[in-house]
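Consider the single chain below, provided in structure tokens and representing the form predicted on its own.
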Amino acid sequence: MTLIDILAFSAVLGLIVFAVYRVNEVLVYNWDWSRVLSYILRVDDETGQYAANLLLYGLATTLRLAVWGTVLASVFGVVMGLWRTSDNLTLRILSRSYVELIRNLPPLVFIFIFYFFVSSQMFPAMGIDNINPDNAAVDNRVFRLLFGDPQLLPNFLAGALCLALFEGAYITEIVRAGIQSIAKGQWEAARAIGLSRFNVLRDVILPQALRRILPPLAGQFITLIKDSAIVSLISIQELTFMATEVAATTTKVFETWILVGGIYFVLCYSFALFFGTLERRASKTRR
């Protein structure tokens, strides 16, 4: 560690101490973390054991939204990304329109449009609103693990689709950039030996492009975890929505949002470390 590093760390530490001091001086606030922490775990009155409370339920919903949102967004992104590099003009126009529509609308506006004008018409037509939550097909542990409370299934699906369509536009550009990063000479050489466009994509281009696409896709998963907070505005009971409820109930606004910010940070940073480890192992394997 150099002298500059020590000075930089000291400056940051000094700023943190000064900020804490000013907060205590200006706010004159009575901190009470116990009321907020009890919304992570509670003692069950019947069993006397610890059980998950609102914030953990919200965290579980956030993870479900991130996983399903990433899966669906990857499907949209791969299809649209292939269309973006297609020789067919119609497919290129459709995929470009999708990307530009999403990229040039504020996320909040897009989510309101989708939720109030699209999903409210689409789900009743598909019969999703009429699913019986007591049916054995949905009222079981596996279904609850994957989709949460069956009674909130339409809300959950609306949130997951919103996020998937939104993030799918960015994955489309990642896939397009990955395919177009492969040298044109490889296309020409593969076509010269008689391979069709489909075979060139499958056997030559995509295996190479996939290695370049995976790292930004992992980053997009972390972005989706953070973006999932937006769907709290359409009453999806994920972490931010639950935090709003806890802050209103306990009136401990600062403790609630500092705690929830810490949960988001730990979650996203853990995934960043995990994906970084996978990427380093994959690099060693390729050598």
Partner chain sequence: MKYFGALKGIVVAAALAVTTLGATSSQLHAQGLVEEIAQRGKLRVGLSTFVPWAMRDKSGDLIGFEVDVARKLAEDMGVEVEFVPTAWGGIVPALLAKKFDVIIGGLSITPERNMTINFTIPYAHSGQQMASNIELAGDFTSLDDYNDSSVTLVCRRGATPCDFIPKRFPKATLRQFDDEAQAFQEVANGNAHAIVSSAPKPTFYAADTPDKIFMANDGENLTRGNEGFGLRKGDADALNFFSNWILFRTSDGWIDERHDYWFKNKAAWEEQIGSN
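No experiment lies behind these values; they were computed from the predicted model shown. Residue numbers count along the first chain shown, from 1.
From this point on, the text means the form predicted in complex with the partner chain, which you will not see here.
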Practice item. Report whether the minimum heavy atom distance between Tyr50 and the partner chain in the predicted complex is within 4.5 Å. Key: no
Item to complete: Could you confirm whether Asn135 comes within 4.5 Å of the partner chain in the predicted complex, counting heavy atoms only?
Response: no
Worksheet item: Is Phe198 a contact residue for the partner chain in the predicted complex, using a 4.5 Å heavy atom cut-off?
Response: no
Practice item. Classify Phe76 as contacting or not contacting the partner chain in the predicted complex by the rule of any non-hydrogen atom within 4.5 angstroms, answering yes or no. Key: no
- Flag this candidate site as yes only if Val67, Lys184 and Trp187 all have a heavy atom within 4.5 Å of the partner chain in the predicted complex; otherwise mark no. no
Partner contact check in the predicted complex: of 58-66, 258-266, 215-223, 245-253, the stretch with a heavy atom within 4.5 Å of the partner chain is 245-253
Near the partner chain in the predicted complex, with a heavy atom at 4.5 Å or closer, the residues from 84-108 are Pro106, Pro107, Leu108
